[in-house]
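Here's a solo chain for you in structure tokens, the form predicted on its own.
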Amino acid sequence: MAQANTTPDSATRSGTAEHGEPELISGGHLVAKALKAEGVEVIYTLCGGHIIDIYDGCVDEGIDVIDVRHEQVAAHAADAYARITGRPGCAVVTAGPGTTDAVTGVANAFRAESPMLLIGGQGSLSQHKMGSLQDLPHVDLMTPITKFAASIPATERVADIVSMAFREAHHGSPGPAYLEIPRDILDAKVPVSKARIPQAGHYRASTHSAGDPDSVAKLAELVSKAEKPCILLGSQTWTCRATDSAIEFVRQLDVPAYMNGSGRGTLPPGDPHHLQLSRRYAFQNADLIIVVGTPFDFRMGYGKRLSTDATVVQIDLDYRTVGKNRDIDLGIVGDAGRVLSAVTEMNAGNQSVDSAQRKAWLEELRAVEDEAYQKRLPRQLSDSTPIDPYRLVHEINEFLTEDSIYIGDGGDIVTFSGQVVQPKAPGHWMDPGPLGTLGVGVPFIMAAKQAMPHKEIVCLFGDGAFSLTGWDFETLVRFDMPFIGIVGNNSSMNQIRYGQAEKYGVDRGRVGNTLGDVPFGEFAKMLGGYGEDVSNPADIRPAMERARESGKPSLINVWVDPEVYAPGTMNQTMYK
């Protein structure tokens, strides 16, 4: 983490100015010092009169200020920055509509367990209950969707309460925090000697809990005796930065691995333990299923997709998640990396692990995997027009490099990509998470490029999803953040359209979900980026290559078949 510069210079080391007067510091500058102590390098914001002193403090502390066109974008970008870096992201918005505009981004971070901080303005305390400009009960609004929400009551408490918010954001499973700062509190100046300014590395404990030793030993025993084990590596695998531990676990103990959420990319494509298309078969036929950092929510059929005959183990940072919606045989609350490493070490050289049986199990799953792949391959190579979405996501998967961070922002089109696209490295997959929020693509690009400027960013949008936050494409142009964007354009909100037609009939299938035929390649060019429109599947890869070579923010608008739906959409699994 970066160290906060809280030591006055030689003339003011005692807390007094050069002429004997106390050294003063404003609330906005205290915010910036607290952010610096936490290692925050950038804030995402849309300006407002309530918050500008924070900008002044950030300039002094060397924190970048990225100004966007909508507060939802700022909140999503802060969420994404936390996911990419492992450090909290921060968004700063004004009071009233500034804060309410950011609600969706905070809610998305809440469900995705992302430790971001939203700072919102508020009217002066001296105008409390008088009807000041943009006055709303922000803390009441934010409390249900944050781990911590508070109003700062005094200027000297500003940095202290910011650090308190960061502690709460990292308690158990991570999540967002919200702080409201009244304008007179933020603008006021107090003596430095009266303001507690927490020092980097001295106000938060380690969150790397090793779990209950007896339970970890029990898991080691279960793994050693299992004939058909499998493991699901969920988002907390990446949150805990447990990649190396997970890889060592599956390779040394010969355990087939499936990945979801931010856990995608833990194992590279082609790894013998990396499986994707046989997950349903594995969950029905395994004798031991280890679920890491994934709740039994809709993505897991609320736990019903796991065999009732299997021994089920759940590892999670949050006690409340373990055993929720489905009984388990063993629950461990702790850091995924610490737990998996301990199990691997306990089983080192364990002769009871039947390597021949494990090999046969892996071969059984690989056969299921290969059959599913071969069945789908003709569609991935289809030359039909309009373009089959499977062909589009196949081309994207082939296009990705070791340095490509892939972002999915959409409904039906991103459901296709979840079956085909495989990131080449850990931390190189980003999606909204379980809230299913559309519109995350542009702000996720913004944060990923800011945090990892040497990485290539590739984002697949649905045309409906891009429209929600697409005007901040201009922000990416303004801050020179190149990326390769692909819009799977079917002029529809197709995931909803399918279910609507099934439920009410085809004649009502187009009500409320049909969009205009927008040539997004032209939109990109209008805002100073690179753009193309593609109707022929053979042109997809060359267009993406030209976008890569352009060095600009880009959009390749690909017209896909509106009458083709992803299997997940047709099964409507997200609602079951």
Ligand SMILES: Cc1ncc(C[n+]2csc(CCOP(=O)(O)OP(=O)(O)O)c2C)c(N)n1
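All values derive from a computational prediction rather than experimental measurement. Note that residue numbering begins at 1 and tracks the sequence as displayed.
Beyond what is shown, the protein has a form predicted in complex with the ligand; the following relates to that form.
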property: Partner-contacting position among I161, L468, A95, L365 - heavy atom within 4.5 Å of the ligand in the predicted complex; result: L468
property: Partner-contacting position among P229, G293, P443, G410 - heavy atom within 4.5 Å of the ligand in the predicted complex; result: G410
property: Interface membership of G303, the ligand in the predicted complex, 4.5 Å heavy atom rule; result: no
property: The ligand contact at I496 in the predicted complex, heavy atom, 4.5 Å; result: yes
property: Non-hydrogen atom contact G485 with the ligand in the predicted complex at 4.5 angstroms; result: no
property: Distance check, S114 to the ligand in the predicted complex, heavy atom within 4.5 Å; result: no
property: Residue stretch of 305-313, 197-205, 231-239, 457-465 approaching the ligand in the predicted complex, non-hydrogen atom distance within 4.5 Å; result: 457-465
property: Residues in 80-97 with any heavy atom within 4.5 Å of the ligand in the predicted complex; result: none
